[in-house]
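Before any questions on binding or motion, here is one chain by itself as structure tokens, the form predicted on its own.
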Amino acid sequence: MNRFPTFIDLKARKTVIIGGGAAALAKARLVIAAGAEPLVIWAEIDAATRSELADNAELIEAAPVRADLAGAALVFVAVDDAAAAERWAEISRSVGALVNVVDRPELCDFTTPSIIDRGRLTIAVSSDGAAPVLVKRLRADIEALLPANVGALADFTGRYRSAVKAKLNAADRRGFWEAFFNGPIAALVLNGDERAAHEAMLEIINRPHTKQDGVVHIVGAGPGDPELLTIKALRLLQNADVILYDRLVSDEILSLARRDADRLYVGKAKAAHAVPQAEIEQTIIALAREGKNVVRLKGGDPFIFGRGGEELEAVRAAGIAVFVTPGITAATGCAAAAGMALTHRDHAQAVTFVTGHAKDDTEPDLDWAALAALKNTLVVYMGVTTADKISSQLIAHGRGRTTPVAIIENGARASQKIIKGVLADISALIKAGGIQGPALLVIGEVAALADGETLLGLAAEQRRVA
């Protein structure tokens, strides 16, 4: 660490900016945001600088003199002339001010970092002037990981520090705040429900030694590509105490979780349930009762054929705080990976999602006549084993035998496979392509636009191998 990082209260300190151009304006914006009313002085001040700073700074359009710097705590030198910059840096330092010279780190007593401003929460990143572009990239990465309401959370906790201090001794306060930031009240603030958060906070302050329940997040992991994980989902994974995941969650996504988080596999496959649904729900509730931050991680989106609704109802009924983070569902993820739009002005004015099997692994009781009559895109989840019935029912109810279809297995993953053909041949397509699942069936004119092999191409390849 070459420089000591610190945060300075500028509200009662004199801040001077020597210069009148764009660089001076940029420095003025920084210090004004921190509460300062700077003195900006130079022989010629740009019109844009004058206009923007007229109400927030003292402007003197004249050559600066030593007396202008009297009593200054900080001086920013933002002039193009190298000799003038060196001279004013020396003069500023001689009157006891700390000096920053724009783009001249060797002349600086302090440097201005790249700042993330979330109200009371401020994060500064600096490379001591060595790599400003790298610093900007790091700032962007940090910004992406911060919840939008993290500043509001800092304000919220600030209001209750004294009350908690009055109720708890020093030994207990740290544990209280650790549980708070990992628990449901902080989650309420981050989700924008401060009213409910204040009510809950007053209740636990009056019962500070009562064990706090944890919180449950039902999170969509997307179709498998870790780069399609949402920023919020990534943050929740990295904060989780325990993660319950299913078979559609990729190893690459799990590797992004906090290293010491417990991982519980509760995956299901057709007719081979690893853990019954009711037991999964009981486990989620029991872990939250222990005060843990629980993430229930589901492939795709938890509310699109992911049983997320059932788990949400069960956790709510148990009185546990629960929040849902959506994910990119398999249909949109697979369609994008296949270069195929699910809706298209020339081919499909609507899209319908259905499941290929219903509760307890029974065949779905669908309105086949209505589905066949739509003539738009039909996306079937979990339809590999019932594809023959789906095809025959749609054709029997009027959908054309030559309607294009695409079968996408392991969509948006390295092992992705895309097979194309027509509705009447869907079973042959699945067999010829060696499709095992998880796979999505896309039925409709847009399927012809997908990247991938046709049945004839597969047959030719098999003949060459033979």
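In case it trips you up, residue 1 is the first one in the sequence shown, and so on. Since this is a predicted model, take the numbers as computed values, not measurements.
Keep in mind that the form predicted together with a small molecule is not shown, yet the notes after this line are about it.
Heavy atoms within 4.5 Å of the small molecule in the predicted complex are found in exactly one of 31 to 39, 423 to 431, 58 to 66, 407 to 415, that being 407 to 415.
Here is the short version: of Ile390, Ala330, Val215, Val219, the single residue with a heavy atom within 4.5 Å of the small molecule in the predicted complex is Ala330. Scanning Phe323, Phe156, Tyr381, Phe180 against the small molecule in the predicted complex with a 4.5 Å heavy atom cut-off leaves one residue, Tyr381. At a distance threshold of 4.5 angstroms between non-hydrogen atoms, Glu311 is out of contact with the small molecule in the predicted complex. The closest non-hydrogen atom of Asp241 lies beyond 4.5 Å of the small molecule in the predicted complex. Contact check for Phe305: a heavy atom falls within 4.5 Å of the small molecule in the predicted complex. Among residues of the shown chain, Leu248 is one whose heavy atoms approach the small molecule to within 4.5 Å in the predicted complex.
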